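First, one chain by itself in structure tokens, the form predicted alone.
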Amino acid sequence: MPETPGEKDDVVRVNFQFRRELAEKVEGNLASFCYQCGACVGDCPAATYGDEFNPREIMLKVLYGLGDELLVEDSILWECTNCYNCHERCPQEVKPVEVIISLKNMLADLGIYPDAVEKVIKTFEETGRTTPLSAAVTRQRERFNLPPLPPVPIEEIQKLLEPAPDEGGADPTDG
């Protein structure tokens, strides 16, 4: 039987390698239990107030293993607010937010993240805090009768951030 025009283009091949890689980063193969009911979209602030973000569509792409559509520059994944509403609504306990966070981590591993995220990373690497301590923060804490923030053990944090020996870092047994 001859192929009709476009028929070959309609075939989706599942990329199981991508799904295995994602399963290693998140609690196993959670995405496989998603049956596309759409409950995750109901209270999603990013879907409600944005034009393109849709956790159900993201989960569908994960089911098909379409990592090449998710792990890209300017990925829609960064619009997720990590509010956990999708997790609370999911009847299958798939935890779409955990899947999305894992995908964001995969993006970060590839060095793909928005400028704002890069700024938070740099601030954390330099100060051990995700937002810089300022006079305004100190005044707000005093206003609410909160104690001053304790110093951050920056040396310990920087040591934790060093690459592992198998990633080109120093060998901890050398001494």
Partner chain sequence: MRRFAFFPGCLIPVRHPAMEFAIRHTLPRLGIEIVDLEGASCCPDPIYFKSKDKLSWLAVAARNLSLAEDLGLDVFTNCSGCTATLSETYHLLQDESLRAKVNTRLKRIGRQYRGTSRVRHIVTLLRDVAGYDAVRQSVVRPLEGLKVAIHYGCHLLKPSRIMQVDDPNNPTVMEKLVTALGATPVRHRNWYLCCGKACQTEDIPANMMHDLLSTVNDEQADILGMICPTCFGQFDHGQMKVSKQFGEDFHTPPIYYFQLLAFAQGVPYDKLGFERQRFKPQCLRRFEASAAV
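Note that the rigid core is defined as the largest set of C-alphas that superpose within 1.5 Å between two forms. Positions refer to the first chain, counted from 1. These figures come from a predicted structure and were not determined experimentally.
Heads up, the form predicted together with the partner chain isn't pictured, but that's what we're talking about next.
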Item to check | Interface membership of residue 83, the partner chain in the predicted bound form, 4.5 Å heavy atom rule | outcome: yes
Checklist entry - Wondering, does residue 50 line up within 4.5 Å of the partner chain in the predicted bound form on heavy atoms? => result yes
Checklist entry - Do residue 159 and the partner chain come within 4.5 Å of each other in the predicted bound form, heavy atoms counted? => result yes
Checklist entry - Using heavy atoms and a 4.5 Å limit, would one call residue 164 a contact residue for the partner chain in the predicted bound form? => result yes
Checklist entry - Using a 4.5 Å cut-off on heavy atoms, what residues in 115-136 are near the partner chain in the predicted bound form? => result 116, 117, 120, 121, 124, 125, 128, 129, 130, 131, 132, 133
Checklist entry - With the core lined up, does the C-alpha of residue 155 move 2 Å or more between this form and the one not shown? => result yes
Next on the checklist: After a rigid core superposition, would you say the CA of residue 26 moves by 2 angstroms or more between this form and the one not shown, or not?
Outcome noted: yes
Checklist entry - After fitting the rigid core, is the C-alpha of residue 120 off by 2 Å or more between this form and the one not shown? => result no
Checklist entry - How does the CA gap of residue 28 and residue 52 change in the predicted bound form versus this form, closer or farther, if it moves 3 angstroms or more? => result closer
